[in-house]
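In the block that follows, a single chain appears as structure tokens, in the form predicted on its own.
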Amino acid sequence: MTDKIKYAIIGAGCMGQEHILNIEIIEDAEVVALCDTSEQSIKESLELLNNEVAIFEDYNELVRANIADAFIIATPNFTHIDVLKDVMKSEAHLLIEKPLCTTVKDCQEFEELSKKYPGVIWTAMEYRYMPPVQRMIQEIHNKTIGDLKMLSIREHRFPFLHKVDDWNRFTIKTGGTLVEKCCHFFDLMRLIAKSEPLKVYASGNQDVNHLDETYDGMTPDILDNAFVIVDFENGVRAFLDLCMFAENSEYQEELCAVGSIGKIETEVPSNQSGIANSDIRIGLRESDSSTKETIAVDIKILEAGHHHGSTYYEHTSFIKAIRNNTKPEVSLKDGLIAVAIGEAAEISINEDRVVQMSEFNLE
């Protein structure tokens, strides 16, 4: 395949538009079609494009048109399973926005259906591709800090954005905050630990956000803060500190890993901070000093979204897998287990107990 990779976007809202911005700055890719039932989302997406594209309201018509090499699925979470069942008829390559589905059950159903699928199926986990995070992971896996023992991730950020019909205000449509928002972090934990989750225990609540909103007489029920601990089979313990009423934070994400001989930490600047670069800091136990490395990201890439350049690098890796006919770097199994940890954390909070991952049939 030597021509540009032709993308079709199914779901032209906030995240679909971020994908468009990044595809626009990749030389060997282009968007050829948009599909959404929202005229406003289509209008906003068209303003980001430098070429004419086909417009569809029905994704089944898009599939039948057979004009794309790859589909991006960026529709509301609760629609993923039904969209995926239909889009699979295309046999095109698939990039599916997180979470893969809203429940473990739906993820497993799609995984089973896709066993003989000929195209690349990639779960979009942008946080893996943030440059400072990738650099940190490299140092951890190179044993710079010895054997990893503890990992902590803090995200202090703004509330959920307004989306079409505010579908993201309700657990039944999102899978819950710890599935919808935090599957990114649970995926990172598992990637960094190089191990499978053993048990999950969590504490969280909806204390501040969306309490004065009503939709058809219903008040939103999504968590806006939580602590989550994940124990892994190899003994690594990971901790998530989430707060979604902390808009004025200098850093949106902060990551810290401690090993047997040292500690490594980094952060990802918030969009409001005006900071472009991040530092990787490494301190070893038997040293009187620490090292610091600044990780810079091209401003053009930074401006193409809200995930510190990661969506661009995700697409370049996805395109490489398509052209080389190789396995996805982020598989359906990765997407499934990230959802399972999030679902376990939601259960832990709702039922006030430790949740064993063996309660899910993940084999």
Ligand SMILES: NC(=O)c1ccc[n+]([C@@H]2O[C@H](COP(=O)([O-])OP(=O)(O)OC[C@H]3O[C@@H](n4cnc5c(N)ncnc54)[C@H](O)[C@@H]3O)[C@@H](O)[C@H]2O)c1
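Numbers for residues come from their place in the sequence shown, where the first is 1. No experiment lies behind these values; they were computed from the predicted model shown.
We do not show the form predicted in complex with this ligand, though everything after this point is about it.
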query: Interface stretch in the model of the complex with this ligand - options 115 to 123, 261 to 269, 91 to 99, 137 to 145, non-hydrogen atom within 4.5 Å; finding: 91 to 99
query: F245, Y201, W167, Y215 - the one with a heavy atom within 4.5 Å of this ligand in the model of the complex; finding: W167
query: One residue of M189, A257, A74, C107 in contact with this ligand, assessed in the model of the complex (non-hydrogen atom, 4.5 angstroms); finding: A74
query: Non-hydrogen atom contact H184 with this ligand in the model of the complex at 4.5 angstroms; finding: yes
query: Contact flag, Y59 vs this ligand in the model of the complex, heavy atom cut 4.5 Å; finding: yes
query: This ligand contact at Y127 in the model of the complex, heavy atom, 4.5 Å; finding: yes
query: Any non-hydrogen atom of C35 within 4.5 angstroms of this ligand in the model of the complex; finding: yes
query: Three-residue site G11, G16 and K163 fully in contact with this ligand in the model of the complex at 4.5 Å by heavy atom; finding: yes
